[in-house]
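Shown here is one chain on its own, the form predicted on its own, set out as structure tokens.
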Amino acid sequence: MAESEDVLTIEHVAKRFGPVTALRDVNLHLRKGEVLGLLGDNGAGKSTLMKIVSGFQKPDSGRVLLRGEEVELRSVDHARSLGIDCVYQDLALIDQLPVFQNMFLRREQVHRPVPFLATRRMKQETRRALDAIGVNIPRIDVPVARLSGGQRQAIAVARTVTSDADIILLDEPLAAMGAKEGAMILDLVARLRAEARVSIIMIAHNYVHVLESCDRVNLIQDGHITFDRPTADTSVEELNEIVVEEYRRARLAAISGDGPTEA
């Protein structure tokens, strides 16, 4: 994709939890309309970084810039008010509520002056929103508990897109999904990428998915970004070799007794 301005910049961010160092010195940037794939082993710091960007946690040092301006993200609600939203693995959907009510969770529409739910309006807007991004949910009045994992994930993404977020964080959107359901989510990400409607950071483990769905890939190892390259300029083989080399170093350190004292 063409070069464009950064909508999000992370500079020298570090985070500790007692004796454990989660992030050491993270530098990351996200361009307007870009899909950035964030790879890393368990415990590498991916989730901690996303929690900082989403306002759930504060960094110990470093800074976050949003559209070129430094911001202190005070809470998740504050981050959302600035256009940053996260779709977590647990999705934050209420199983017993129908699709359209989950789409408007915490921002329900009501009639005025008598404050009762504008059910018909929410159903109409839900249908338009799902159709606009190509999400096939035949019925929007059924509880989300009756939907597939892919459909549920798609609803969570659609809700975020329609809530005026222009930076979306996807935390393992394909976790525990079959091939068909995973393809549905990858297709949705591809549509959003093609339309450049939002900027996305997608945490994933599958290198093939990242190379197919993202514009650029970052690899986080031991609390900092060690690899930053356009997906067109790398390969599954190169990424595998980097990770294998990390395992080799860790194994040698463990054998020699020189392993790190911090995680």
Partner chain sequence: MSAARTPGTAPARIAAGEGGSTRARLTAMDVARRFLTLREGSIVVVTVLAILYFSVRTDHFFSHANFVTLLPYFAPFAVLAAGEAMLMVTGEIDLSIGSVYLFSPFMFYEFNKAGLPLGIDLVLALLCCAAVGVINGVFTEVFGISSFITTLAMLLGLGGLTLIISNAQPVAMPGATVTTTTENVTHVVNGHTITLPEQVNHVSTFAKIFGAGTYSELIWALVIVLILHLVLTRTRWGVYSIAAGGNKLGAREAGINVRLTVIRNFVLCSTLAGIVGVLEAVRSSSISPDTSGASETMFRAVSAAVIGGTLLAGGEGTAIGALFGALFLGVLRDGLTLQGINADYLDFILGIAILIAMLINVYVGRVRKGSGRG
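Residue numbers count along the first chain shown, from 1. All values reported here derive from a predicted model rather than from experimental measurement. So that the term is clear: the rigid core is the largest set of C-alpha atoms that superpose within 1.5 Å between two forms.
The same protein also has a form predicted in complex with its partner chain, omitted here; what follows describes it.
At a distance of at most 4.5 angstroms from its partner chain in the model of the complex, none of the three residues 136, 180 and 184 contributes a non-hydrogen atom.
Only one of 184-192, 113-121, 128-136, 160-168 places residue heavy atoms within 4.5 angstroms of its partner chain in the model of the complex, namely 113-121. 94 is the sole member of 82, 94, 71, 175 with a non-hydrogen atom within 4.5 Å of its partner chain in the model of the complex. With the partner omitted from this view, the residue of 209, 29, 51, 216 that lies near its partner chain in the model of the complex is 51 [heavy atom within 4.5 Å].
When contacts are judged by a 4.5 Å heavy atom cut-off, residue 227 does not count as touching its partner chain in the model of the complex. Using a 4.5 Å cut-off on any heavy atom, the one residue of 55-73 that reaches its partner chain in the model of the complex is 56. Core-superposed comparison between this form and the one not shown: the Cα of residue 110 travels 2 Å or more.
Annotation: Cα of residue 97 displaced by at least 2 Å between this form and the one not shown, core superposition. Relative to the shown form, the Cα atoms of residue 195 and residue 148 move apart by 3 Å or more in the model of the complex. In the model of the complex, the CA atoms of residue 151 and residue 194 move farther apart by at least 3 angstroms compared with the shown structure.
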